[in-house]
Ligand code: ADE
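Before any questions on how it binds or moves, here is one chain, the form predicted on its own, in structure tokens.
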């Protein structure tokens, strides 16, 4: 049973939200055959282990090629989230994925923004974009993507992240990319403490502007680091089902979500790449209730943490907090990083439909 509390999500990858059925539709519209090996006999995405997951993710993303495709991916995901009671989602978007299929960033963004606009109009849910670099592509590529994001400010583009092979590409060399993003007013987070240990979290925390960690669960292996996270109020974007599916932990019983929360570390819930792991944001809240013992009040606190830690502008954060407590005052929303370039709520998006 999905808990009937408002939900917010800070960690989900755009291309990783597309269900196999949507990927089939998009491929047919683009007159493309599905990549060999993409789907298994059960018509689910076929992968094994983290490297295999990354390869299959890239195969699925390879058929998403137009602004209309990205609009449909975002709209369908946000619509599903709204049906489960979500009111806010930050979508991790990789310009490198769009670039790989020849889609200019302006068209890529137009599709993302149209999906956000249409989902708001249909369901009242809010979405924002966190630009992500792929560490596997190297430091120079990351700096170029950060500079591009800085040169194209938009109210819907609120954050900066780094994903990819965490164990093979530690955070420290990417300092300049984060300086560019921070100086452009983007909130900063970074994948760490998932497939690499606590040292990757420490390196991530040393990057300019970082106030959140994507995953970060392996910080639990270093009690001193856990205390530092709690004392600093650093928010972890935790994705329990993804962690179990990818073998970071053998089961929910082994997962440190509850231990981190009890130690005072602010934690949120995310679905990461939902169809690959058979997850949803509502399902993650249900996991937290069933396996980690959170009641409705505690789950509402997780949502509140996500909203106050979001990279949305202050006006939107206050509005979302009011939706958690209708008729009551919004609590002060903490700001991660400098103010957004604008607080404009509904900018034009060049009409992708």
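Quick caveat, the model's predicted, so the values are computed rather than measured. Residue numbers count along the first chain shown, from 1.
Just so you know, the form predicted together with ligand ADE exists too; it's not on screen, but the next bit is about it.
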property: Ligand ADE in the predicted complex: contacted by all of 88, 189 and 237, heavy atom 4.5 Å; result: no
property: Per-stretch contact check against ligand ADE in the predicted complex, the hit in 270 to 278, 101 to 109, 67 to 75, 119 to 127 (non-hydrogen atom, 4.5 angstroms); result: 270 to 278
property: Non-hydrogen atom contact residue 286 with ligand ADE in the predicted complex at 4.5 angstroms; result: no
property: Non-hydrogen atom contact residue 212 with ligand ADE in the predicted complex at 4.5 angstroms; result: no
property: Exercise: residue 173 in contact with ligand ADE in the predicted complex, heavy atom 4.5 Å; result: no
property: Contact of residue 32 with ligand ADE in the predicted complex (heavy atom, 4.5 Å); result: no
property: Heavy atom within 4.5 Å of ligand ADE in the predicted complex - the one residue of 242, 93, 200, 145 that qualifies; result: 242
property: Candidate from 164, 208, 233, 153 lying within 4.5 Å of ligand ADE in the predicted complex - any heavy atom; result: 164
property: Partner contacts in the predicted complex for 38 to 77 (non-hydrogen atom within 4.5 angstroms of ligand ADE); result: 50, 53, 54, 57
